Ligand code: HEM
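Listed next as structure tokens is one chain, alone, in the form predicted alone.
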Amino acid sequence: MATSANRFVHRTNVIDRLGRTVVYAGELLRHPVYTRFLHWMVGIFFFLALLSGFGIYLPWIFRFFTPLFGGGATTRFLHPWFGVGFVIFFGLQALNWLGVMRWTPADSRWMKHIKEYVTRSDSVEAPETGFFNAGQKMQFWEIVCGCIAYVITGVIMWFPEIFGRILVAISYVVHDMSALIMLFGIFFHVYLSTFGEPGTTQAMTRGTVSEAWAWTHHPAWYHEITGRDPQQALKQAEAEMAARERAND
């Protein structure tokens, strides 16, 4: 029987024929073309909505953003459409990732050791960590909730004459708070995918990761994909590295 991760990887084969993912020796397929396309579209529309939103709601600080979109009036016109694009593409990604984002007992156990993860006192993830860890799943569901808030408050603000002044005022507060919470999570995501966990960016550019990255950050997924024990793979890599160091001495 196909596992949830395998079903996730093979679900978008038709669309993936539009692109190509080359997996070299020592690498594993992490994200197919369709997933990477959605990821970058989500990112592009998020930052377009963010920058245009800053220009609209805080013009005394971020007025230099509005000329990028053709001026104040054009920025106000484009901002909700950027938001619509963000919600649509993330909605497609949510459907794409629904199976691997389900919360499990292993995720609850992971949360008990979140301090060690944040401080990086242990560079190797817990053996139960699958395709995504609990922190990544939490961010995913936070964005799901944020998108729901954006849709509801966005519609109210888009048609103020229908909903009235009080609902519009409340919507501004909820909309802005949701954006700030999501922005914090996105910055943390960017940090982890670059400096925090080197090699992660490759997963969303080329679609592959090294086996060492896989057994370090997602050992259960590594075992599921390769059938090999991640701890044994780690020990073998350490032994090979030590042998090379001795040979160079």
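From 1 onward, residues are counted along the sequence shown. Remember, predicted model here, so these are calculated numbers, not experimental data.
Same protein, other form: the form predicted together with this ligand, not shown, and the subject of what follows.
Chemist: Want to guess which of 152-160, 111-119, 77-85, 132-140 is within 4.5 Å of this ligand in the predicted complex, heavy atoms only?
Modeler: Heavy atoms within 4.5 Å of this ligand in the predicted complex occur in 132-140.
Chemist: Classify Thr200 as contacting or not contacting this ligand in the predicted complex by the rule of any non-hydrogen atom within 4.5 angstroms, answering yes or no.
Modeler: So Thr200 counts as contacting this ligand.
Chemist: With heavy atoms only and a cut-off of 4.5 Å, decide whether Trp215 touches this ligand in the predicted complex.
Modeler: No, Trp215 sits far enough from this ligand in the predicted complex that none of its heavy atoms falls within 4.5 Å.
Chemist: Quick check on Gly53: any heavy atom within 4.5 Å of this ligand in the predicted complex?
Modeler: Gly53: no, not in contact with this ligand in the predicted complex.
Chemist: Might Ala49 be said to contact this ligand in the predicted complex, defining contact as any heavy atom within 4.5 Å?
Modeler: Ala49 lies outside the contact set for this ligand.
Chemist: Taking Gly19, Tyr34 and Phe37 as the candidate spot, are all three within 4.5 angstroms of this ligand in the predicted complex by heavy atoms?
Modeler: Spot residues vs this ligand: no contact at all.
Chemist: Give me the residue from Leu68, Val190, Leu180, Leu58 that has a heavy atom within 4.5 Å of this ligand in the predicted complex.
Modeler: Result of the distance check: Val190.
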